[in-house]
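Form predicted alone, single chain, as structure tokens, below.
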Amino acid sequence: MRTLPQNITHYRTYLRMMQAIETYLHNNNFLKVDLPVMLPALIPESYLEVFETEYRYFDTRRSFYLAPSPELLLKRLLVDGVGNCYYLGKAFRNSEPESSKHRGEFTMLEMYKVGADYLQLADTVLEMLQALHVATRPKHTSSQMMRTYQGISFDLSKWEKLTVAEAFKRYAQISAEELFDEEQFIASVRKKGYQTVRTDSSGEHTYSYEDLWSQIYANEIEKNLGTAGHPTLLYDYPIQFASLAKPNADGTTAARFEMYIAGVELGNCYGELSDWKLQHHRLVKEQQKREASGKIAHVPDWGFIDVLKRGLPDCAGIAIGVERLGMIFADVASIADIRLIEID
């Protein structure tokens, strides 16, 4: 472990940003909720791994898991009528590479707005970003919404709004018809030179639509987002990539957006799925994928479905990586630059 006193200036900016988040949410009637981070069961999510631990007292043994998000707890409170709410605290994700933009232990802001859809919540988030800009801007700058991150300038007065289909067409030359048809998409990816089959000691394996989609997204799409003068709101993801979001009327996309500044992904939003039957079906599929991939066999929180049966109010929710947001407002290249202690 290392102390990093040289980061104190950036850390102070990060703290001002954190304080501005809480001030904005308090002034807009969001209730701050303190939640446990060590849980006995989790929502099945196939794309992430978790940290497992154990409570011990003499002969008593009980498995617990560090929460990868506060979602299953906040939605319980939403069903109970808590109203607009947020959590600002630690979350944990295992088996992901440590990088300038990610640590296994990180700070998350997760907020829910009742009676709003995902694009209405986007308006709230943009207003919050503007408040953070005002709280953290250098003294010599004007009151305008212009900001610079690592040499890339952007204006926080509005979103650049792009559907996922528009982004794939613009940056990867893949049409909407190809994007939403798995066979056509795999054929298009093959033409672009990507491997669609891998061979190892156990034989030949075909990459899934989800695997190949993620490769194209990471290699050809993400780096361009939030680089055209405004933060990018990328919305309407294929339904396969939004297991907890409402399906849109087109039947192929879901009410989900992600937000980007200068190629940095900052937040992930859903118009929250309230249909408990559809949610149960999706979570069963997610659990099957977890088991097939050999991930930690955590206890599934099927009680979450019982909660949804009581009626989740219409709402939208977003999870935001707070250290990444701190990078943007402190204008540093790594989350390590806003920390005072780093674990090697």
Partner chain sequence: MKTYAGGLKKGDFIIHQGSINQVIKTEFYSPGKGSALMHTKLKNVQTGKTVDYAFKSNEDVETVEVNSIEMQYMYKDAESLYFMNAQTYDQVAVPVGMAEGFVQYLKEGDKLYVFMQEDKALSVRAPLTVRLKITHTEDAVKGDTVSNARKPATTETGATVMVPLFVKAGEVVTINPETGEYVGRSAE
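Here the structure is a predicted model, which is why all the values come from computation and not from measurement. Residue numbers count along the first chain shown, from 1.
A second form of this protein, the form predicted together with its partner chain, is not displayed here; the remarks below concern that form.
So which of 194, 180, 92, 171 gets a non-hydrogen atom within 4.5 Å of its partner chain in the predicted bound form?
-> Contact with its partner chain in the predicted bound form is made by 194 alone.
Looking at 166, 160, 117, 210, which has any heavy atom no more than 4.5 Å from its partner chain in the predicted bound form?
-> It is 210 that has a heavy atom within 4.5 Å of the partner.
Residue stretch of 214-222, 69-77, 146-154, 118-126 approaching its partner chain in the predicted bound form, non-hydrogen atom distance within 4.5 Å | Flagged stretch: 214-222.
Look up in the predicted bound form whether residue 106 has a non-hydrogen atom within 4.5 angstroms of its partner chain, and give yes or no.
-> Flag for residue 106 set to no.
Given that the partner is absent here, does residue 30 sit within 4.5 Å of its partner chain in the predicted bound form, heavy atoms only?
-> Heavy-atom contact with its partner chain at 4.5 Å: absent for residue 30.
Would you check, heavy atoms only and a 4.5 Å threshold, whether residue 256 touches its partner chain in the predicted bound form?
-> Within the cut-off, so yes.
So, in the predicted bound form, is residue 101 in contact with its partner chain at a 4.5 angstroms heavy atom limit?
-> It does: once its partner chain is placed as it appears in the predicted bound form, residue 101 has a heavy atom within 4.5 Å of it.
Would its partner chain be touched by all three of 47, 97 and 199 in the predicted bound form, meaning a heavy atom each within 4.5 Å?
-> Checked in the predicted bound form: all three residues contact its partner chain.
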